[in-house]
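Take a look at this one chain, the form predicted alone, written out in structure tokens.
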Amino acid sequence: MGFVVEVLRGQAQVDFVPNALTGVVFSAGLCAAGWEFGLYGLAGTAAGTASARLLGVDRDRITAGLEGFNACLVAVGCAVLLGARHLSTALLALAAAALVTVLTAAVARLLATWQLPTFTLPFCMTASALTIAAPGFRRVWHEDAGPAALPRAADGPVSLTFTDLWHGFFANIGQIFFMPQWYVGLIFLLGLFLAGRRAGALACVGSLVGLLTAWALGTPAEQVAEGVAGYNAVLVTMALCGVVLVADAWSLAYAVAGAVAATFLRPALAALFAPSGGHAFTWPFVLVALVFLAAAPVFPRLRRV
């Protein structure tokens, strides 16, 4: 039962909460999008957690679920991007979920010099490597053609309907797990409120900031409605206000500024990764959060948790 709790906490730690009940809700949300995604999420988190146990990682990290969330995202990403119903995808997802434990340890050791957390950097590195390499292997890549494309200017209408707005608000939270369905984001948000009102409220603030920033910059309405434009803003807001920095008015303002920056950065990284499908993953969140945290000691009004 201890291992089960650790796995569920690992799923919940994708959104920074070490709450097993939230992990159950997150699993339900993934299953609402498709039972395969729920299975991949649990299996990936279990593989990462088990690998950490076998390698003797600090027990407190495992108990808190900190060794499972990157593995969860890697596995779900494999299911979404490579096709969930292929045996090669399942085997690759499990192997990558186990490998990300080693990468997490390496990244944590490097970032410890500046007292910075790893966040989802191990996931981003692994997922980017997989998407770049996958088309080169015929038993891994099951599409007719490779994903290579040149960056191009955004097109499509930018005027948002009311439906676009409320769909985008919830989809911003769902897209953290690659899920564009608004109802999946709603389930995830309920799981966050189950963990605590502050976690849920900050997710709402981040989603709203991402939504408004994307609209102000003229992001195509389809991307806004699917949550593609705003999910990094959710993560930045939660990370900079309450997770690493003490939650107060100053850190909230700092987090909102970071959320705006992450929303602006996403198209740049999508263009950079265009030859491999244009997947920015959570790179905008990671880069902005680490830069803002590296700068935080200079500002005395910001205090570390």
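Since the model is a prediction, treat every value here as computed from it, not as a measurement. When you see a residue number, it is the position in the sequence shown, counting from 1.
If you look for the form predicted in complex with a further copy of the same chain, you will not find it shown, but the lines that follow are about it.
Novice: Taking heavy atoms only, is L293 within 4.5 angstroms of a further copy of the same chain in the predicted complex?
Specialist: Yes.
Novice: Can you work out whether Y254 and a further copy of the same chain are in contact in the predicted complex, taking contact to mean some heavy atom pair no more than 4.5 Å apart?
Specialist: Yes, Y254 sits close enough to a further copy of the same chain in the predicted complex that at least one of its heavy atoms falls within 4.5 Å.
Novice: Do L272 and a further copy of the same chain share at least one heavy atom pair within 4.5 Å in the predicted complex?
Specialist: Within the cut-off, so yes.
Novice: Is there a heavy atom of F137 lying 4.5 Å or less from a heavy atom of a further copy of the same chain in the predicted complex?
Specialist: Yes, F137 is a contact residue.
Novice: If contact means any heavy atom within 4.5 Å, which of 68-76, 142-150, 230-238, 161-169 contacts a further copy of the same chain in the predicted complex?
Specialist: Of the options given, it is 142-150.
Novice: Suppose contact means a heavy atom within 4.5 Å; in the predicted complex, does that hold for all of T63, L81 and V244 with a further copy of the same chain?
Specialist: Verified in the predicted complex; spot residues all out of contact, no.
Novice: Please tell me which of S207, Q175, T120, T219 lies within 4.5 Å of a further copy of the same chain in the predicted complex, judged by heavy atoms.
Specialist: By the 4.5 Å criterion, the partner-contacting residue is T219.
Novice: Among A50, A33, L39, L265, which has any heavy atom within 4.5 Å of a further copy of the same chain in the predicted complex?
Specialist: If I apply the 4.5 Å criterion carefully, the residue I get is L265.
Novice: Note that a further copy of the same chain is not shown here; using its position in the predicted complex, name the residues of 54-88 with a heavy atom within 4.5 Å of it, in sequence order.
Specialist: Residues within 4.5 Å: L54, L55, G56, V57.
Novice: Which way does the C-alpha gap of L103 and G278 go in the predicted complex, closer or farther, given it changes by 3 angstroms or more?
Specialist: Their C-alpha distance shrinks by at least 3 Å in the predicted complex.
Novice: G136 to G278, Cα distance in the predicted complex relative to here: closer or farther, by 3 Å or more?
Specialist: Closer, not farther.
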